[in-house]
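In the block that follows, a single chain appears as structure tokens, in the form predicted on its own.
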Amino acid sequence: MDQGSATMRSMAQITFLEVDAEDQKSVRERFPEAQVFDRVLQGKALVDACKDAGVVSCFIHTSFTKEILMKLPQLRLLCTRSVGSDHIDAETCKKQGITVCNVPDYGSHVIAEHVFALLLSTLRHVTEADAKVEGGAFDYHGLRGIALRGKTLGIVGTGKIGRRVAEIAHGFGMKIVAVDQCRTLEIIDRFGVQYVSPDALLMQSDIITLHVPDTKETEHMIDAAAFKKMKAGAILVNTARGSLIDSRALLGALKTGKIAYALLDVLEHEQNFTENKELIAHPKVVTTPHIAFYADDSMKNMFSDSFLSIEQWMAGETPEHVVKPLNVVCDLSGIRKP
């Protein structure tokens, strides 16, 4: 890169979007001249905020569609503080010469921990027990829980998060089966994970937890046909993407008792409460507002990796966290066979 180009990069306007109050200090200390917004911007408001920016750091709730990107001619570096980048039109970025960076692993352990936070709080009736005691009834009747030890956990996707889930499940003494096109020998040896076919996972698992990306191949991979293959009274956990589950089919499975509990940190169309109202209100559904990632060290890692990408780009280097195409997609075709 010539000196002039390097100088232009170093002078680029930097804009940070979706920065919580707790994180603004670290952003301003690192980039004192940056614009910082604490809210989700869409449409004209997003264009107005980013129109002069050469660099933008965003999060998953801000959508950089083709329409938006075409109105941002100055933009050259777009950093998402997330693993997934499906909220960014990659093809348009490529055509416009915009480098897209992500955070490959901001904290897979915190999402794995949230899986078990959902399981333990639900299966041991923690919320109901607390309400009962606060109501003056120090009484365990009606609060019999379900133990994890000895249960079969089915992990769909054994990437960074899925492997962490296997590690924790092994500590609980669970039997673990998994589906993934790319098998990880380490978790077979260390945690006794048994890779099986998609149908076998559905039929054997007491608890199923999803850890695959949002792609055309994985959309609604848990549908009516998949629910039919599951054990009666199975428990479904989703901390990945809402699109993986057909919500209408899930409601049907809950109503028949095929699914005992659905523990959901993510929903289809998350911003549309009305569309999800019936599912959220179901007594056997526990929902959290996409907070599996939201812990102290994971947030720190998100920003530090984003800072690094920006500084490397401004120095004329190719950032090490440039988004790479997904070359391996889990073979989930068997789940969707009728």
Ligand code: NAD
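It should be emphasised that the depicted structure is a prediction, and the values quoted were computed from it without experimental measurement. Residue numbers run from 1 along the displayed sequence.
This next part talks about the form predicted in complex with the ligand, which is not shown.
**Q** If we take heavy atoms and a 4.5 Å cut-off, which stretch out of 169 to 177, 185 to 193, 253 to 261, 233 to 241 is in contact with the ligand in the predicted complex?
**A** Stretch 233 to 241 is the one.
**Q** Determine whether any heavy atom of Ile161 comes within 4.5 Å of a heavy atom of the ligand in the predicted complex, and answer yes or no.
**A** Flag for Ile161 set to yes.
**Q** Does at least one non-hydrogen atom of His211 fall within 4.5 angstroms of the ligand in the predicted complex?
**A** Answer yes; at least one heavy atom of His211 falls within 4.5 Å of the ligand in the predicted complex.
**Q** Would you please decide whether Ile111 lies within 4.5 angstroms of the ligand in the predicted complex, comparing each non-hydrogen atom pair?
**A** Ile111: yes, in contact with the ligand in the predicted complex.
**Q** Evaluate Gln96 for contact with the ligand in the predicted complex, applying a 4.5 angstroms cut-off between non-hydrogen atoms, and reply yes or no.
**A** Looking in the predicted complex, residue contacts with the ligand do not include Gln96, since no heavy atom lies within 4.5 Å.
**Q** Just give me the single entry in Asp223, Asp206, Asp265, Asp89 that has a non-hydrogen atom within 4.5 angstroms of the ligand in the predicted complex.
**A** For this set of options, the contacting one is Asp265.
**Q** Would you mind picking the one in Thr122, Ser85, Ser247, Thr218 that has a heavy atom within 4.5 Å of the ligand in the predicted complex?
**A** None of the other options qualify; the answer is Thr218.
**Q** What I'd like checked is whether Gly157, Gln181 and Phe293 together line the ligand in the predicted complex, meaning each has a non-hydrogen atom within 4.5 Å of it.
**A** So, yes: the whole triplet contacts the ligand.
**Q** Across 81 to 110, which residues bring a heavy atom to within 4.5 Å of the ligand in the predicted complex?
**A** Residue within 4.5 Å: Tyr106, and no other.
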